[in-house]
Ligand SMILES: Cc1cc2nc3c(=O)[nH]c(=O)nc-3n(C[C@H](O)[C@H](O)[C@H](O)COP(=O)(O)OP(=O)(O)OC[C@H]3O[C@@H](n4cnc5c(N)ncnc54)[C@H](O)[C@@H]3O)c2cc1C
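Just the one chain here, laid out as structure tokens, in the form predicted on its own.
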């Protein structure tokens, strides 16, 4: 079947998750004509399946430049969320109440001690708490908690609300959002993309292209003869209605509890490299339930609401892929793994600067797609 119905833009963004839409929104604010193509529904994959934690200080992220990038993006969030609310007229669900990391065994207790040592040495504020002090914060946690760290600079966001508001902000800024458009072909002249063709043979042209398709980015890049090692990592989550809302995010090891309006509580998350299988399993739910009840026994009596799974875009070094590569007019914004929600503001800033100004003041050499060569 011949290609038909060419549609032109200044920038074509492939992928309509929080990364792609944040970039599109910033570019539209800069006066550019932007189209976003999404293989399904914009915002319907990992961006709506996450916990929404904006918590770089609770992890010893490596390398240090990546930790600094995460903190920088966290610092951008208050303005980012406020702008989206103003642009969309909808609440973005942003909260800055802090998070609590608790130790239920000796191993995690040692890990928290090391996190405190490293982060304090870098000038960040982490408050060590005794079991009694933790219970006094009204979080209904296990009496077996051995101690913890309260991190006042950790924030969180209702990512489902944020994504809905961002889509409205994009539309009001003039971004064209195209659902059900899976790119399957590139037309190139030398080292430049002339156009892309989606499954229904509609051809889209642009001056510049952005690949922000999450864990599908690797498959899409194959159409350009480029190897981009992005792989899906499945994360299962659950949601409950509890008698009393937690005052902040609570984490222990790989498990976390995230409060949401209406006395809802999110429990996450598994981490499974099972390909593109986005499945909720009995083993996954059992792991989540055991972890949640161990942290807060009251979850065992909570009303179950739902369970779901999402696919995070992981890379071989667990770092995002940002910037231009071998194709002159294609920039990458993918591979954010577990930090896609957190890194949306800074990624949008970086990619918009590269396209609008031709440079970014952020150091991104370690994230270049060419590092895999």
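Numbering follows the first chain given and starts at 1. Here the structure is a predicted model, which is why all the values come from computation and not from measurement.
Unshown form predicted in complex with this ligand; subsequent notes refer to it.
Partner contact for residue 43 in the predicted complex: this ligand, 4.5 angstroms, heavy atom: So residue 43 counts as contacting this ligand.
Partner proximity in the predicted complex: residue 49 to this ligand, non-hydrogen atom cutoff 4.5 Å: Yes.
Interface membership of residue 341, this ligand in the predicted complex, 4.5 Å heavy atom rule: Although this ligand is absent here, residue 341 would touch it in the predicted complex, with heavy atoms inside 4.5 Å.
Contact test in the predicted complex: residue 209 vs this ligand, heavy atoms, 4.5 Å: No.
Options 180-188, 78-86, 239-247, 136-144; stretch whose heavy atom lies within 4.5 Å of this ligand in the predicted complex: It is the stretch 180-188.
Of 37, 27, 322, 69, the one that lies within 4.5 Å of this ligand in the predicted complex (heavy atoms): Of the candidates 37, 27, 322, 69, 37 is the one lying within 4.5 Å of this ligand in the predicted complex.
Partner-contacting position among 93, 291, 218, 235 - heavy atom within 4.5 Å of this ligand in the predicted complex: None of the other options qualify; the answer is 235.
Triplet 16, 53 and 310 all within 4.5 Å of this ligand in the predicted complex via a heavy atom: All three within 4.5 Å in the predicted complex.
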